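To begin, one chain is listed below as structure tokens, in the form predicted alone.
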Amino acid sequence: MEQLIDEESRQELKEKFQKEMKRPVELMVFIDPEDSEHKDYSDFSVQISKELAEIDDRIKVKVFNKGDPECEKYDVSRFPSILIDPDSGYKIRYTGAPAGQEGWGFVETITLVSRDDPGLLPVNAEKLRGLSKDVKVQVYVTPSCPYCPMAVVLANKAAIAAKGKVMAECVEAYENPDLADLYNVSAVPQQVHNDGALISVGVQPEDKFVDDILKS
């Protein structure tokens, strides 16, 4: 596969990581080598993660195959999936390749996790830190949607603020059509909470998004 990140973008990312990253971040990439239907997505997920690690050695990459014990440990059953720094207590995953427009949101999430900083308004971060229950937020996206990364990053920020309490999952609808059909995804980004409750379609204001999580 050709290099995914061109030289100009590599330099920009190098400067961004040097400026914004504070500590190492581990990317766990899960693939199914025998799944020919999703091979291109899996190859992309592995390559983009490794190319980011080449740019900054604080980004660590581990690749696991379907059937490895880590799949059960981290409750991974869809491939490809990428978990961002799960051993630090964060529950942030990409179910499907972070391709197209999702690329910049993926990078932004890595830097936020590296700083352990949700990047939310203090009042909203405090609300999320006070969560007394676990909440799962799925954001359904497509690679060509320019608004989807904003919704995904907002969910990931919530997962950083409510460390261990909010699970944020970016679900690529084309790669997971059964899930998209199950939740009647007809427009993206679409947010679903706790495996079933449709919360909203479109990018939500931060205050509303946080309140929706608190009420879910």
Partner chain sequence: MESYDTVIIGAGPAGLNAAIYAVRAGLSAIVLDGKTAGGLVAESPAIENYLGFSSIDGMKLSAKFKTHAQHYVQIKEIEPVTDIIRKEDVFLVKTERGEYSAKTIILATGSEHRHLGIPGEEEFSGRGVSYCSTCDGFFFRNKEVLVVGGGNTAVGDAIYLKGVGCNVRLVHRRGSLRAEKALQDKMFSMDIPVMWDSELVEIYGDSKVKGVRVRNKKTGEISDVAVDGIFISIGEDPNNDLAKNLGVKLADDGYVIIDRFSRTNVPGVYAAGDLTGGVKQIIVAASEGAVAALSAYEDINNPYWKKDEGSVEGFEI
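Predicted model only: the values in this text are computed from it and were never measured. Positions refer to the first chain, counted from 1.
The form predicted in complex with the partner chain exists for this protein as well; it is not shown, and the discussion that follows is about that form.
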item: Proximity of Thr111 to the partner chain in the predicted complex, heavy atoms at 4.5 Å; value: no
item: Touches the partner chain in the predicted complex: Val135 (any heavy atom, 4.5 Å); value: no
item: Proximity of Ala187 to the partner chain in the predicted complex, heavy atoms at 4.5 Å; value: yes
item: The partner chain contact in the predicted complex: Glu8, any heavy atom under 4.5 Å; value: yes
item: The single option of Ile48, Leu27, Ala173, Val166 touching the partner chain in the predicted complex, heavy atom within 4.5 Å; value: Ala173
item: One residue of Leu131, Ala125, Cys145, Val76 in contact with the partner chain, assessed in the predicted complex (non-hydrogen atom, 4.5 angstroms); value: Cys145
item: Complete contact of Glu12, Leu120 and Met150 with the partner chain in the predicted complex (any heavy atom, 4.5 Å); value: yes
item: In the predicted complex, residues of 95 to 111 near the partner chain [heavy atom within 4.5 Å]; value: Gly100, Gln101, Trp104
